[in-house]
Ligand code: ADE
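We begin with a single chain expressed as C-alpha cells, specifically the form predicted on its own.
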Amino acid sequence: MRDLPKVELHLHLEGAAPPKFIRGLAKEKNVNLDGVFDANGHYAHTDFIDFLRVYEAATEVLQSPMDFYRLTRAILSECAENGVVYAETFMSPDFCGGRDLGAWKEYLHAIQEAAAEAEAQDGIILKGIVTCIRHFGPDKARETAKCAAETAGDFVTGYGIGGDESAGSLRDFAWSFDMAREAGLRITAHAGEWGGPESVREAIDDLRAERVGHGVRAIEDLGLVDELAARGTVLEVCPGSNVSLGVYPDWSSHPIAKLRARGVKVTVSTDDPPFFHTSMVNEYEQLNRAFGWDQADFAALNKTAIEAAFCDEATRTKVKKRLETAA
C-alpha cells in the first residue's frame, strides 16, 4: 500500500499540520495552546464543532509566510512517505494574512516555494485550492474570492468552501463562487458530511460544483446518487475522517463502496490526517479490510482522481504516466 502511487484531492493545509510541528512553533513563539492537545500530544477534540475550535486554535501559531513554508515542507514530506505523487490542498487567506491581498501573495509565494522544493526532492506535485470559511460568512468569502481570483494560475487552480455546514446556505456564497469561476478557477464545495443530501444538491445546483468534498450522505437519497453518477460529479471522500468524527460508526458502515457500485465517481483522501489519526496508507489498508479492495481498485480510484484534478493537461499527463508505470 505504501509503494502504490496515490492522488489526494482533499487535504487541508493547516489541518494536515503534524502536532509535533505545531507544538514546536508554539514553544518558539510562546503561544499557549492549552486545550489543543491531549496527554499523548495528539489533537484533542470531542465532535465536529470542537474540532473546528481546536483547528482554529492550532493555526494561531502560524503567523508568517515562513511558518507556512515550513508547514508545507513538513506536510509534503509526510505525503510523499505515504506514496502520494500528486496532491491538492485547501488554503485559506483567512489564516494567511487575514484576507489582505498583499499579505496573501506573500504567504502564497512561501507555500509555492516549499512546494517546488518538495517536487524537486520527493517528486510530489502540489496544487492549491483557495477556500472560504462558511461560518465566517458570505462577506468575508467575497474577500477570499478576490484573493483567489487575483492569484489564479498554474498553482492556484481551484476555489472551494469549508467549515460548519450548518452555517447559512450555500447559495449565500454564490457571488464569491461566480467571481472565482470567472477567473478560471475550478469549483469544489464541502457538503454532504453534516448537512445531509440536500446540502449536496445545493453544492451542485447553487454553486455548480464539479467536485463535492465528502458528499457521502447523498447515499440517503438514491435519486440524488443516480444524478451524481449521470453528471459525472466527483466526490472527494475521506472515510477515516467520517468514521473518526462519528458520521458513520465504523469502516464497514461507510457508504463509499455503495456509492461507487452505483456509478458515482469517488476518490479517497485524508482531510485533516493528524486530527483523525490517519494517512493515505491507512485509508487504503482500511478500505482493503472493509471491502476487499485490491490494487486494481485503488488504481481505478487514482485514475478517477487524476482525471478530476484541478491541474493543467501537462501535469495530468505526467502524473498519469507515474500511475500507469506502477499499475
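A quick note: this is a predicted structure, and the numbers were derived from the prediction, not measured. All residue numbers refer to positions in the sequence shown, first residue = 1.
What comes next is about the form predicted in complex with the ligand, which does not appear here.
Student: May I ask you to state whether Gly128 is within 4.5 Å of the ligand in the predicted complex, using heavy atom distances?
Tutor: No, Gly128 is distant from the partner.
Student: Would you check, heavy atoms only and a 4.5 Å threshold, whether Tyr55 touches the ligand in the predicted complex?
Tutor: Residue-level check for Tyr55: yes, a contact with the ligand.
Student: Please run the contact check for Glu236 against the ligand in the predicted complex: heavy atoms, 4.5 angstroms, yes or no?
Tutor: Contact with the ligand, no.
Student: Taking the ligand as it sits in the predicted complex, is Asp271 in contact with it (heavy atom to heavy atom, 4.5 Å or less)?
Tutor: So Asp271 counts as contacting the ligand.
Student: Exactly one of Thr89, Ser176, Ser241, Ser199 has a non-hydrogen atom within 4.5 Å of the ligand in the predicted complex; which residue is it?
Tutor: Going through each option in turn, the one that passes is Ser241.
Student: Which one of Pro255, Gly195, Gly163, Gly158 is close to the ligand in the predicted complex, taking close to mean a heavy atom within 4.5 Å?
Tutor: After the contact test, the surviving option is Gly163.
Student: Partner absent here, but in the predicted complex, which of 202-210, 227-235, 185-193, 106-114 has residues with a heavy atom within 4.5 Å of the ligand?
Tutor: Residues of 185-193 come within 4.5 Å of the partner.
Student: Quick one: name the residues from 213-239 with any non-hydrogen atom within 4.5 angstroms of the ligand in the predicted complex.
Tutor: Contacting residue: only His214.
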